[in-house]
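One chain comes next, on its own, written as structure tokens: the form predicted on its own.
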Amino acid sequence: MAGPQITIVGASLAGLRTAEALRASLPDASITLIGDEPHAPYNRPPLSKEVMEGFAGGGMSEDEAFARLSLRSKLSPDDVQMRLGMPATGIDPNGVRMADGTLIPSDWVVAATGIRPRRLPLHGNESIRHVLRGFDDARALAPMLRPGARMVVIGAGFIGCEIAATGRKLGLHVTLIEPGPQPMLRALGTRVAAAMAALHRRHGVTLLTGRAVEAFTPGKVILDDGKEIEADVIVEALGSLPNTEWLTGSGADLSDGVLVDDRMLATGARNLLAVGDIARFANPLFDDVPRRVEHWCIPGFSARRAAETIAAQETGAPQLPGFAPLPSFWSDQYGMRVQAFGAPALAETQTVIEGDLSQIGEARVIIEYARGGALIGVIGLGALPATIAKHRARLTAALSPKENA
């Protein structure tokens, strides 16, 4: 008897990991992996750091750059049928509809289409305006990153700050514009965000907080206070939007990504699952509020969970209850690694337990994040692996009673 036909839409990290987990658990399944980019699945975090730097300043070839992004996989060409360079446009009871009108028959559909950069709804300077989400974005941006060029980065989240740091390393004059009061504020909290702002300024970034872009004129960015900033290159790093339009009409809740239960099954849709950046789920480690988590670790966790769900449904095997992954993320800026575990963004208080925030970039700093007096997150700035591992273990122990509740 033939195995199930499973279509994974999104040749992303989440899509690839889902295919691997499905192949391991369902050897007879027919698996199709769809991607709108012509490239095989690759790793995105290095784009704003070593790949952008290598493209722009190191003479790195496209092949060398893509090799830096390579994702290790045990899948062979016979394990998964890949359809790259063409997006899915819809879903119906029989399968997934492609942009060329063809239908891929599917017993199960896994949505792994990820996110895209949010753009400013303004006209002007189109020839020098860029985003950085994919390999082709990095390839288009790199020639603009010449020493002495004036770069304006709009948005001081992690991507914007990494781009600003790389720009300074390459010798550009960098202005970083942030509508909020501090860079990376939501993820880091007020005290750590303020320390990171000081770090960027020490490295020569002109950081303008509490400001929004009102218009573009040729070669200039106009702020809401009337200030004009000259620009040779502009990078918009204003957050993201989930790629869920192709699921319209599926019955799933698409109000922010795809709402799923703890099995990664989409609420309101039959045999549809979601993984990675677009999956919105509750994590009992913290509370019962469904959230999307755009961290590198979530694609792997959610991919394995989705594969377990499909395998359990197909074989009748029991599925382990609960889904409570420990979120983590990292960022490299000015040679300093920021590492976070848990949910610092949900914290009410933050406490420096090692080091001094005025010394970030020079000495390690460890910060605890708490809500209701309970530890829910830890961030290390420039910490050694052994140090951050110790604090991660302590956080895991503090959260484990909620996981088992």
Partner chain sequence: MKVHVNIDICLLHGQCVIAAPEIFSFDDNGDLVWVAEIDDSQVADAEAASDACPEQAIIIG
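Positions refer to the first chain, counted from 1. Owing to the predicted nature of the structure, the values given are computational and were not obtained by experimental measurement.
Keep in mind that the form predicted together with the partner chain is not shown, yet the notes after this line are about it.
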| property | result |
| --- | --- |
| Non-hydrogen atom contact residue 384 with the partner chain in the predicted bound form at 4.5 angstroms | yes |
| Proximity of residue 354 to the partner chain in the predicted bound form, heavy atoms at 4.5 Å | no |
| Contact test in the predicted bound form: residue 135 vs the partner chain, heavy atoms, 4.5 Å | no |
| Interface membership of residue 286, the partner chain in the predicted bound form, 4.5 Å heavy atom rule | no |
| Listed residue that, although the partner chain is not shown, lies within 4.5 Å of it in the predicted bound form (heavy atoms), from 371, 337, 364, 39 | 337 |
| Listed range touching the partner chain, judged in the predicted bound form by heavy atoms within 4.5 Å, from 220-228, 245-253, 328-336, 166-174 | 328-336 |
| All of 50, 296 and 341 with a heavy atom within 4.5 Å of the partner chain in the predicted bound form | yes |
| Sequence-ordered residues of 65-103 touching the partner chain in the predicted bound form, heavy atom within 4.5 Å | 69, 70, 71, 72, 74 |
